[in-house]
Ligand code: X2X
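Okay, so here's just one chain, in structure tokens, the form predicted alone.
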């Protein structure tokens, strides 16, 4: 009898050991490891193409994973206290799970992303596509993949246009003395200083009140932001110059730690959702801005905004004034990557 009890006790110890091993080696991505909610960071809300694209991604993920992955959007860079330049760091540290981020806002941590802020590098939308959808875009994704995130798709905030409350801007001389709000990147400070303006860095959360109060005279942002925020009425930005001096691609990313916790099937679903949402977001960002459809520009003009459309010849004076800034920052980005970008743009169809 004692022998039988010892035998059963032995089986019990063995079963417990097997169970412990099973728990220890449970496959990553099992449902038990999934969070009830994944936090998605964006700078703006769904009234803008950027925010709408991020929300669309969250909805598609929920749909494609049967509700296993529930993503909630936190706009206004609220997960980092409104300071969008800290977003990428927070993503690496685990405070943010998922993001649709700006290449500008992440450029302080990833120097190669300054490529898209080199003044007058990209003359048109085909040039943006030549970079993001080609060899340069793939190379940048490899760089990001080495920094604790998984990049999935390129989106677009758009070409950044210039607005102000004082006067039309047609030449670099028209910018002299204007206080212009810029994002938190020294490249933007140097660009606008070279043009004779007085640039001031501040977060987007602080920008609109500053513009409305007259603390700053102008700002630079894509049409979608200008129109969505109604800056002509909310911030007295009655003069708008369409010059396309830089563009701001967006990147759909997932924290690497979060990515590894999902099953391969769910990873595939999240990637496909990102690619679809990104395509739709780019279409939203470009709507009414690409010839022959310039309806968005005309809608803003109909609200009493004075719009100056710079020709390629007009842009040469601005390009010349910022050439030294371009050359300096090309070295920071990496001469080889900049050369690839210039060649890709030259070959665009």
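Positions refer to the first chain, counted from 1. Everything numeric here is computed off the predicted structure, so don't read it as measured data.
The same protein also has a form predicted together with the named molecule, omitted here; what follows describes it.
Novice: Just to be sure I understand the contacts: of 237, 132, 105, 191, which is the one whose heavy atoms reach within 4.5 angstroms of the named molecule in the predicted complex?
Specialist: After the contact test, the surviving option is 105.
Novice: Residue-level contact is defined here as any heavy atom of the residue lying within 4.5 Å of the named molecule in the predicted complex; does residue 221 satisfy this criterion?
Specialist: Taking the distances in the predicted complex, the answer for residue 221 is yes, it comes within 4.5 Å of the named molecule.
Novice: Answer yes if any heavy atom of residue 262 is within 4.5 Å of a heavy atom of the named molecule in the predicted complex; otherwise answer no.
Specialist: No - in the predicted complex, heavy atoms of residue 262 and the named molecule never come within 4.5 Å of each other.
Novice: Consider residue 225 of the chain shown here, and say whether it contacts the named molecule in the predicted complex, taking contact as heavy atoms within 4.5 Å.
Specialist: Flag for residue 225 set to yes.
Novice: Indicate whether residue 43 is a 4.5 Å heavy atom neighbour of the named molecule in the predicted complex.
Specialist: Residue 43: contacts the named molecule in the predicted complex.
Novice: Flag this candidate site as yes only if 50, 181 and 248 all have a heavy atom within 4.5 Å of the named molecule in the predicted complex; otherwise mark no.
Specialist: Every residue of the candidate spot has a heavy atom within 4.5 Å of the named molecule in the predicted complex.
Novice: Spot the stretch among 153 to 161, 132 to 140, 167 to 175, 265 to 273 with residues whose non-hydrogen atoms come within 4.5 Å of the named molecule in the predicted complex.
Specialist: The contacting stretch here is 153 to 161.
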